[in-house]
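Here we start with a single chain on its own, the form predicted on its own, put down as structure tokens.
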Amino acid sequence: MQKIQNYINGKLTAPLSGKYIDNYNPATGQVYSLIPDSDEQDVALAVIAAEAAFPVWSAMRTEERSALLIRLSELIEKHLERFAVAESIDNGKPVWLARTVDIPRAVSNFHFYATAALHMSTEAHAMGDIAINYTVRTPIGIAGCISPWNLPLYLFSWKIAPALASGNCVVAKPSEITPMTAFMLSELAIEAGIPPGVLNIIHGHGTKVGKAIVAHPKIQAVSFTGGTKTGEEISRIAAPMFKKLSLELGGKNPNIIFADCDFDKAVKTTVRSSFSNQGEICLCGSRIFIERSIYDKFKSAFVQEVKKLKTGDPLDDTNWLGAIVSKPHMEKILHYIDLSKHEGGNYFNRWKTYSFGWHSQ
């Protein structure tokens, strides 16, 4: 069975603890690889590597950094299908979605920030005839990047790419639920020639690795996407240390449907926003507010469109929905279905579950 490895100081390494976590295929419920159960010791090594790499990386000509990141984007694109399949197996999303959205966007992220760094500008403001105030943009040091499981490589690259392009070094943690594409990125970073220590990727639980990244005094900035409670904890740890923070946390997005809408477009858009990526997306329309005069009409049309959605094996391109990402998330959905039934709601008895996935009858 494949063992995923950490990426520290330019090398793929085992966790210092020697311990691993099972990595499940959510469509089958089977363990198909092992994830490093890393801790603060692995994070400390990554910080040492990043600290040593920072003087050279931050002083490197922007054109050179840009070329390396463009090379990395080209390698991801070269292996796009392999990344798409890996993400589908790791995350449960349909492979066609990973192939057409997630992986191409990751490619674009590295390319965009690599080229954007070439066109940075500053401002100057004259103070009469006395002086000129001007800004200078400089790298701040080491950035901690912690990404979620719903868009594993896409959001991971969205954090890493701008940090690297602007001359910072990175200690990153992917979700322990979906680690495979981050591990594959480690391999390509070596092939692309990213200098040792510039990018470090540590796998493991948030309570160990994530917390150690946030708390480390030499990590000056933290970017986190995930749950609100975790964001609160990060703020409590980082605020007294005056770290720069970027927190993208949970929400409850409503779709608001008025009577004068383009009805067919509103129905189709609402279905997509509710069920794209199994609904596991920050843009998910998790509530629908409908103007009373078209409520029944819209509800009926929405239900009919949902019934058309085909669910099954994520590796089958004919399926529009794949598997829920993990057993706990599946159980959470089933809990809310039971709760809605208890409160008098009706639902369509066309779904059955097996292993961790949802599959149509």
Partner chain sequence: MKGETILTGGKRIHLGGIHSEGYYIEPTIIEGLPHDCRTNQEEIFGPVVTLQPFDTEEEVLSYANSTTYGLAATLWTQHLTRAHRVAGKLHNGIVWVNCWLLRDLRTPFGGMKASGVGREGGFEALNFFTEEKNICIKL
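Small disclaimer: the values here were computed from a predicted structure and weren't measured. Positions refer to the first chain, counted from 1.
Below: the form predicted together with its partner chain, not depicted.
Contact annotation: S73 falls outside 4.5 Å of its partner chain in the predicted bound form, judged by heavy atom distances. Among heavy atoms of E81, none comes within 4.5 Å of its partner chain in the predicted bound form.
With a 4.5 Å cutoff on heavy atoms, A323 counts as touching its partner chain in the predicted bound form. For V303, a non-hydrogen atom is located within 4.5 Å of its partner chain in the predicted bound form, even though that partner is not displayed. Heavy atoms within 4.5 Å of its partner chain in the predicted bound form are found in exactly one of 186-194, 200-208, 214-222, 73-81, that being 214-222. The listed set C284, I89, A238, M180 contains one residue whose heavy atoms approach its partner chain in the predicted bound form to within 4.5 Å, identified as C284.
In the predicted bound form, I290, E291, R292, Y295, K299, F302, V303, V306 are the residues of 290-306 with at least one heavy atom within 4.5 Å of its partner chain, listed from first to last.
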